[in-house]
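This document opens with one chain alone, in structure tokens, the form predicted on its own.
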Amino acid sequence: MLHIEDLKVQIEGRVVLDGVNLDVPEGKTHVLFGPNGSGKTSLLMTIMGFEEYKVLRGKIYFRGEDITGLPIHERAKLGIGMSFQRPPSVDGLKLGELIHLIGCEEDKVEEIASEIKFEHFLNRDVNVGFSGGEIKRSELLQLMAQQPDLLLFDEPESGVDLESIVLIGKTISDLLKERDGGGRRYCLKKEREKRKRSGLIITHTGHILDYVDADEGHVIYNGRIACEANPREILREISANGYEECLRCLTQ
């Protein structure tokens, strides 16, 4: 699904990723750990195609196609979607209108929003005045409408209360599973070929692992992949010893 090869990335004159290699197979979910400033969000933004993240070296392949030079909207059309940690607010655009534009039949928008208890927000401007948990649900609703093949999540459990994390975690789990029901029956005006979805999730706390069956974990440190292992084992190691042990592995 996703293949990243020797990726070196610069933003505002500063190298934020250097020599990143990563593979996420079809139907698999990988988790990305790392301290603040390690390059986690930079990696997701580069995969999504934000132009301020300048690729100096390396390639990004999606389903075998080189997408390194493609703009964001072309990557979205191919089937890549992202839930942002801090998405912008959009004055003048109602959330329900956006969900319809993304791909939901107009008479089904409220029905899909009700799955995440968000139908009462459809007539509000996108993310304007939303709390942290409401922003996360807004992002999830957009992904439910898009139904991408590769889902990127930037710290989905951050800034939300315990009640919201349960709903968010279960929704992410459903999105990552191949489903005949749910959002698929509401949200694609033109049915896409049935495929297994893949995911790449950034997490600080690891709470998302209580809801998502992750297949592999990675630690990114100083812009490089330091460790790869079972995600729960990585979380235990980080909890016990911090990220310094990962740095030791990286410098061996």
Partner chain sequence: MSDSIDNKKIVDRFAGEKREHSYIEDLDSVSTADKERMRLAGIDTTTRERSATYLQKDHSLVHCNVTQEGLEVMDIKTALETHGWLNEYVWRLVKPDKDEFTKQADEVPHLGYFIRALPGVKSLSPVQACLYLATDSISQNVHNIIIAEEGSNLHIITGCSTAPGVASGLHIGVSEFYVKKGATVSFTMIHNWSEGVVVRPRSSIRVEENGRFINNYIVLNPVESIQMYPSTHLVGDNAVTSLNSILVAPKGSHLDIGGRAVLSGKNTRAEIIARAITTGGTIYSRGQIVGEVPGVKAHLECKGLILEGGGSIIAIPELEGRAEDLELSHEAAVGRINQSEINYLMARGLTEDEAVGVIVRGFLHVDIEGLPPELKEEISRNIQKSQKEYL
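Positions refer to the first chain, counted from 1. All figures in this text were calculated on a predicted structure; none of them were measured in a lab.
Quick note: we don't show the form predicted together with the partner chain, though the next part is all about it.
Asks: My question is simply whether Lys177 lines the interface with the partner chain in the predicted complex - judged by any non-hydrogen atom within 4.5 Å.
Replies: Flag for Lys177 set to no.
Asks: So in the predicted complex, is the partner chain close enough to Phe118 to count as touching (4.5 Å, heavy atoms)?
Replies: Phe118 lies outside the contact set for the partner chain.
Asks: Answer for Glu139 alone: is it within 4.5 Å of the partner chain in the predicted complex, judged on heavy atom distances?
Replies: It does: once the partner chain is placed as it appears in the predicted complex, Glu139 has a heavy atom within 4.5 Å of it.
Asks: Would Lys94 count as touching the partner chain in the predicted complex under a 4.5 Å heavy atom rule?
Replies: Output for Lys94 is yes: heavy atoms within 4.5 Å of the partner chain.
Asks: For a quick test of understanding: in the predicted complex, does each of His207, Ala226 and Ile238 have a heavy atom within 4.5 Å of the partner chain?
Replies: None of them does, since no heavy atom lies within 4.5 Å of the partner.
Asks: If the cut-off is 4.5 angstroms on heavy atoms, which of these, Val160, Ile168, Val126, Leu150, is the one near the partner chain in the predicted complex?
Replies: The residue in contact is Val126.
Asks: Could you check which residue among Ile172, Cys104, Ala113, Met82 gets a heavy atom within 4.5 Å of the partner chain in the predicted complex?
Replies: So the residue touching the partner chain in the predicted complex, by this definition, is Met82.
Asks: 211 to 219, 198 to 206, 25 to 33, 66 to 74: which one contacts the partner chain in the predicted complex at 4.5 Å, heavy atom to heavy atom?
Replies: Heavy atoms within 4.5 Å of the partner chain in the predicted complex occur in 66 to 74.
Asks: Since the partner is left out here, which residues of 46 to 67 would have a heavy atom within 4.5 Å of the partner chain in the predicted complex?
Replies: Going through 46 to 67 in order - heavy atoms within 4.5 Å of the partner chain in the predicted complex - the hits are Met48, Phe50, Glu52.
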